[in-house]
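Single chain ahead, by itself, as structure tokens, in the form predicted alone.
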Amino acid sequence: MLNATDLMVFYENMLALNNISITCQKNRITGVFGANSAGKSTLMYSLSGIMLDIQKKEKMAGGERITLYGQLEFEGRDIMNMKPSNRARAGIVLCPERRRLFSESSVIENLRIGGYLATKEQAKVSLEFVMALFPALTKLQKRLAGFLSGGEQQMVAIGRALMAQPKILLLDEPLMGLSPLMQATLIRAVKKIQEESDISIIVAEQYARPVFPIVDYAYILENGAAVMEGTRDELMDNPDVKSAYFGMS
């Protein structure tokens, strides 16, 4: 469904992504794990097309030169140079790191903003799905997003992304800064999205331990390169993965 081949991103002379090739198949959860600065967000920005906007803004401002190489295909079509807005219309939707909600807008307003590409019927069905997925939001619909807890904000952020009618949902560090209880709640929600829709999911996360049980396939990034990949069972049986992410020898 989504295939990246030999993806490379340079910030000036610094190599941020080094020949990364990943695949996300239909209705699968694909994990991308790694420490800070491993290249996870750069990869998600590259898949969503946001990197093209960053590249353009840096060039206009006379900032650092950003260069992208490689191949990127979605549903058999070359999208390497496709604008992020067109990728979103095609079904590649990013739920960004640190949520990035409209803090002075209410929960329901944030969700409706996410549904600007949807038909009236699609928006209705998606909103019902979001509220069933995150029942806590039902009573918070009129609350300003800036007054929500971190976990509540993440629910809204995922809900807003779902309102955009994704075929592939990109989740960038969804568990950042959240309690173990809230992390578990969100992981159950991500699994439910996969089970009850045709949406494929790529989740990039530093905190791999709670995510590993729900992924079908995963990649381990270090210093911008994919150093390991495999199915959930293959990676969980790997002693290096056990040591790095589960504290087990």
Partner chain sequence: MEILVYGTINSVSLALMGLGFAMVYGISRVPNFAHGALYIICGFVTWTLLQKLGLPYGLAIVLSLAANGILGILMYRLVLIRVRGMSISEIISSYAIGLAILEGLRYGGFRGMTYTLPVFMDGMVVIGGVPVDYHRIVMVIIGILLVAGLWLFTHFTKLGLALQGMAQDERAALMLGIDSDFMAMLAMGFGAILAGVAAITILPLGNIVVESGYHVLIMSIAVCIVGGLGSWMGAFFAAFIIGYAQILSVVFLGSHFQMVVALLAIILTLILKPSGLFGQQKELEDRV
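Numbering follows the first chain given and starts at 1. Computed from a predicted model, the values in this text were never measured in an experiment.
Missing here is the form predicted together with its partner chain; even so, the following discussion is about that form.
Counting only heavy atoms and a 4.5 Å cutoff, which of 159-167, 132-140, 70-78, 173-181 contacts its partner chain in the model of the complex?
It is 159-167 that comes within 4.5 Å of the partner.
Does any part of K124 reach within 4.5 Å of its partner chain in the model of the complex? Heavy atoms only, please.
Although its partner chain is absent here, K124 would stay clear of it in the model of the complex, with no heavy atoms inside 4.5 Å.
At the 4.5 Å heavy atom threshold, is I54 in contact with its partner chain in the model of the complex?
I54: yes, in contact with its partner chain in the model of the complex.
Looking at the partner-bound form in the model of the complex, is P96 within 4.5 Å of its partner chain by any heavy atom?
Looking in the model of the complex, residue contacts with its partner chain include P96, since a heavy atom lies within 4.5 Å.
Test of understanding: in the model of the complex, would I113 fall inside 4.5 Å of its partner chain by heavy atoms?
Close contact exists here: in the model of the complex, I113 approaches its partner chain to within 4.5 Å, heavy atoms only.
Would its partner chain in the model of the complex be within 4.5 angstroms of a non-hydrogen atom of every residue among Y45, L117 and F147?
Yes.
Let me know which residues along 97-116 have a heavy atom within 4.5 Å of its partner chain in the model of the complex, or say none if there are none.
Residues within 4.5 Å: R100, F102, S103, E104, S105, E109, R112, I113, G114, G115, Y116.
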